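Given as structure tokens, the chain that follows is alone and in the form predicted alone.
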Amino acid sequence: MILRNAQILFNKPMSTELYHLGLLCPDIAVSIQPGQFVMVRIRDSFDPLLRRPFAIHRLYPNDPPGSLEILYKVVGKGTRLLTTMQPGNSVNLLGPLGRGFRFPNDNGFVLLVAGGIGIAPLPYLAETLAAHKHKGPFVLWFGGKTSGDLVCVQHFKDLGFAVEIVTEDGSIGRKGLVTEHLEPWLIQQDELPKVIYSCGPYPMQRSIAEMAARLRISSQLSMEALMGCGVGACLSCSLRCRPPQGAADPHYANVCQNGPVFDGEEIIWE
């Protein structure tokens, strides 16, 4: 865990609410694993008081060396302030934090599922799988409320992923929720995934975990949570989980320390 100032390289709007933010921070970039995150202090003051957590969206080891990218959605005061930051400005990063994704031991079908801003940690995971020459096949199911929520689709296709799109308003792809279409589609496949990697809102994650259990598929879920500190001190991101052997129930894990990636079977869904 490192505390560093990071120079802003770019801050590009991708839609009315989504932005790509490029940061130069070699000390942190060199040790980041897919699924980990950073806590960002947007400006050197107490307003806003708390840092904001952001998943690592992509790494750029050579352009320039040690640069990374986050994808953020404008949802409140902190992220609105972030949209005003210009190249050459800096923000303060604490990271890398959390437990990231674990890779399958064998080649085989790998499924990624994203809901809205839940796409944020998945490009770096996809790039790492491709770089380690995992042979796949690879499929991404990506859902959003409208077509404006769907970014990075072409990047996944360029990495060799088949992409299935779902929007709630039917503006592109299938109409409805990812969880309404995914299980019927999976049952029709000749091969089930070795693992499902997923990130999105709590109801979607619960549905993915329950589906994976029914089909006996391993699932790794990157859980979204409000975080005050990112290091397990404030306990604001507690998640009820099954207790380790010998521990008492109820057992609560911190999303920031014990996650954000959890096995689907670890979580007690409420």
Partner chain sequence: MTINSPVILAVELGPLRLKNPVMVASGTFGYGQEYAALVPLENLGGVVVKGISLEPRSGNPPPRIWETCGGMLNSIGLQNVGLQTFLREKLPHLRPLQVPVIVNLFGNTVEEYGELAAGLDGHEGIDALEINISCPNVKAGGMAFGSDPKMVFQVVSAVRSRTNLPVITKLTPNVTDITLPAKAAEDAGTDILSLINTVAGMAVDPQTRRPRLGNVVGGLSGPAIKPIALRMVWQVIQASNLPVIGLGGIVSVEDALEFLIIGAKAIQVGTANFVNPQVTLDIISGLEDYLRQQGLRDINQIIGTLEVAR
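Positions refer to the first chain, counted from 1. Predicted model, so just to flag it, every value in this text is computed and none were measured.
There is another form of this protein, the form predicted in complex with its partner chain, and it is not shown here; the text below is about that form.
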G66 near its partner chain in the model of the complex, any heavy atom under 4.5 Å?
no
**Message:** Considering non-hydrogen atoms and a 4.5 Å limit, does its partner chain approach F10 in the model of the complex?
**Reply:** no
Find out whether any non-hydrogen atom of Q257 is located within 4.5 angstroms of its partner chain in the model of the complex, and reply yes or no.
yes
Is C229 part of the interface with its partner chain in the model of the complex - any heavy atom within 4.5 Å?
yes
In the model of the complex, the residue from P243, P48, P61, P201 with a non-hydrogen atom within 4.5 Å of its partner chain is P48
Testing 48 to 56, 30 to 38, 209 to 217, 66 to 74 against its partner chain in the model of the complex with a 4.5 Å heavy atom criterion leaves exactly one stretch, namely 48 to 56
Within 1 to 19, the residues having any heavy atom within 4.5 Å of its partner chain in the model of the complex are M1, I2, L3
